[in-house]
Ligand code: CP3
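What follows is a single chain, given as structure tokens, in the form predicted on its own.
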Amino acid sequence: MPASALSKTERFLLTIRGEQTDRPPVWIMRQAGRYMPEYMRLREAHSFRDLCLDPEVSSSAALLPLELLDVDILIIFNDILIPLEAMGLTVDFPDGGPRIADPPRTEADLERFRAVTFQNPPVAHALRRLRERSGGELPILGFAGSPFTLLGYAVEGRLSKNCDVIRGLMLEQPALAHAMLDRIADTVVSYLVAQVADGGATAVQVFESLGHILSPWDLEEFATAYTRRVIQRFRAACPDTPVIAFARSSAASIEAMERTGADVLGIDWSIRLADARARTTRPLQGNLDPLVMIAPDAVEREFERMIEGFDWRRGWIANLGHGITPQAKVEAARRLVQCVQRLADR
């Protein structure tokens, strides 16, 4: 089928259904970010909070990867911690990484840490503006952090090296951890639904960024079970909207990811694509090592190694195995996109 036969949205939706396409769709996690000089110019004029909450600024950032890289999929510019502010926490975004000024760690803190229902939040405004500015012809992703990932950030205040605070809470006060997870799960469901119902997102992605710190049994109890609940309830409200679930340490957790019920499993670079395909029938997303993006001349070689033994013709969204880093080169990201585009000629 000729490359011109499919729109970017058609290619994306066919891929999610596991059907054959002319080539895989491609986007890059954190594709609008500090590795882009154009993004840094936006940051000189606007705070990070503005980039997350101002629809015009947020959509400007989210459009950069289309303009500079020609990606197939856009993702709204936002931060996974924004919903925690609505739940009653104080979230700051200093240069060294996000910080929760008032982490909830006791039963008494439940009085101020409450589930929230969203109606037309700023992210929905930003999604609508992004669709308008992109011409309405590209798939656009909304997203949220998983309940466990958000709990980890909330309780830690600022992530420690070994995440000792959240792990200690789970061991010493498991009932409190579950009570918080219940509230976060309710909030995440509402936040995702608003991005579709109010914002018009084509699909959503749930980021499980901290599950890799857990043992297999804790992963099921404190992470997978709540992500599964989120996806089930989201699907009841938005039955036609696909869900991508991304998790780190995918080699150890791909079966847990599948149990969430997500339509697509986003995997990191800890597992070969071919091996992942042997362990699940779900469409996959990933998984080039983000470090490759610092070396443009290595992109083509590493891309070919990534797809070796893997049938890329169906059920695969090309991406990195985690977010692109500030040290990445724009030329490397551009070459990755071009590698995927050239698959249409094979």
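Note that residue numbering follows the sequence shown and begins at 1. If you're wondering where the values come from, they're calculated on a predicted model, not measured in any experiment.
Although not depicted, the form predicted in complex with coproporphyrinogen III is the subject of the following passage.
Although the partner is absent here, I76 sits close enough that one of its heavy atoms falls within 4.5 Å of coproporphyrinogen III in the model of the complex. Using a 4.5 angstroms limit between non-hydrogen atoms, Q31 touches coproporphyrinogen III in the model of the complex. When contacts are judged by a 4.5 Å heavy atom cut-off, I80 counts as touching coproporphyrinogen III in the model of the complex. Taking non-hydrogen atoms only, H322 approaches coproporphyrinogen III to within 4.5 angstroms in the model of the complex. With the partner left out here, coproporphyrinogen III still marks one of 153 to 161, 236 to 244, 218 to 226, 195 to 203 in the model of the complex; by a 4.5 Å heavy atom cut-off that stretch is 153 to 161. For the residues G88, G261, P98, P122, the 4.5 Å heavy atom test against coproporphyrinogen III in the model of the complex is passed only by P98. Contact with coproporphyrinogen III in the model of the complex, judged by any heavy atom within 4.5 Å, is made by just one of Q173, S249, S134, S209: S209.
Taking coproporphyrinogen III as it sits in the model of the complex, the stretch 44 to 73 comes within 4.5 angstroms of it through a non-hydrogen atom at just one residue, F48.
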